[in-house]
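In structure tokens, the next block holds one chain alone, the form predicted on its own.
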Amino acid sequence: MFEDRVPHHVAITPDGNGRWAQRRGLPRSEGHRRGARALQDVIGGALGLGVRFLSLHAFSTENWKRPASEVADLMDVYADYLAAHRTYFQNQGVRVRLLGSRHRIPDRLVREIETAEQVTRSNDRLTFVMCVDYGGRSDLLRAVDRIAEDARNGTLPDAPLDERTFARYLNRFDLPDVDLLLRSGGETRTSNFYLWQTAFSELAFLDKPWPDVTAEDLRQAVSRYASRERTLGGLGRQGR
């Protein structure tokens, strides 16, 4: 068993909704709605495994390039999902947090996110981070801008900039680094997600599209994670 080696923070890129729908002759919006069902199953799996942080790259900064109708459908799916599962989150000890910009997100989704954040703010069993209008590069650029502003204002600590100081300028700097990055849909890239936070993450790629992903897929990925020796640049048992 691997209960003592469960990743603290799992990040997920839920890829393949549209392709799943197209293969079945369904509109892409139906793929996104089926993807919401997969999300709920995976959150339940994370709770059962004891994962403490689960991040979902729900909508990237690059996703704005998609047709406006599909973007609107996806935003509605997330708003509906949060409204339908607010009580579940509260009862199961799940804290909901947003990572990303609120300025371009539709008002209804902003309201649902803010309501979920308020209702679940005291929960501490699992933190579910919805990354909406989020990109790793933009996060790093904003951090550099903030550092430069503090340097101009004379409020930057008078010491060489180290990793801990830099990380405090990232959005949601209090989140732990990602231990396991999981991507569905058969693609094997990170797609601008958590570039700083995944520096030492284990990577897991699933061939199946997101609507077909289950809690068992998460369990298997966590099992493989637990079997690996993470040396973080040092020498492991095999190198001794």
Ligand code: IPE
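Bear in mind the structure is a predicted one, so any value in this text is a computation, not a measurement. Numbers for residues come from their place in the sequence shown, where the first is 1.
Just so it is clear, the following notes concern the form predicted together with the named molecule, a form of the same protein that is not shown.
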Check: Candidate spot P14, R19 and L74, all three in 4.5 Å heavy atom range of the named molecule in the model of the complex?
Finding: yes
Check: Which listed residue (R37, K208, R66, R172) meets the criterion of a heavy atom within 4.5 Å of the named molecule in the model of the complex?
Finding: R66
Item checked: Answer option from V213, L54, A58, L181, heavy atom within 4.5 Å of the named molecule in the model of the complex -> A58
Notebook entry, point to check: Taking the shortest heavy atom distance, is Y78 within 4.5 Å of the named molecule in the model of the complex?
Noted result: yes
Note to self: Residue-level question: is R28 within 4.5 Å of the named molecule in the model of the complex, judged on heavy atoms?
What the structure shows: yes
Checklist line | is_contact(E70, the named molecule) in the model of the complex, heavy atom dist at most 4.5 Å | finding: yes
Note to self: Please identify, from 199-207, 44-52, 28-36, 172-180, the stretch that has a heavy atom within 4.5 Å of the named molecule in the model of the complex.
What the structure shows: 28-36
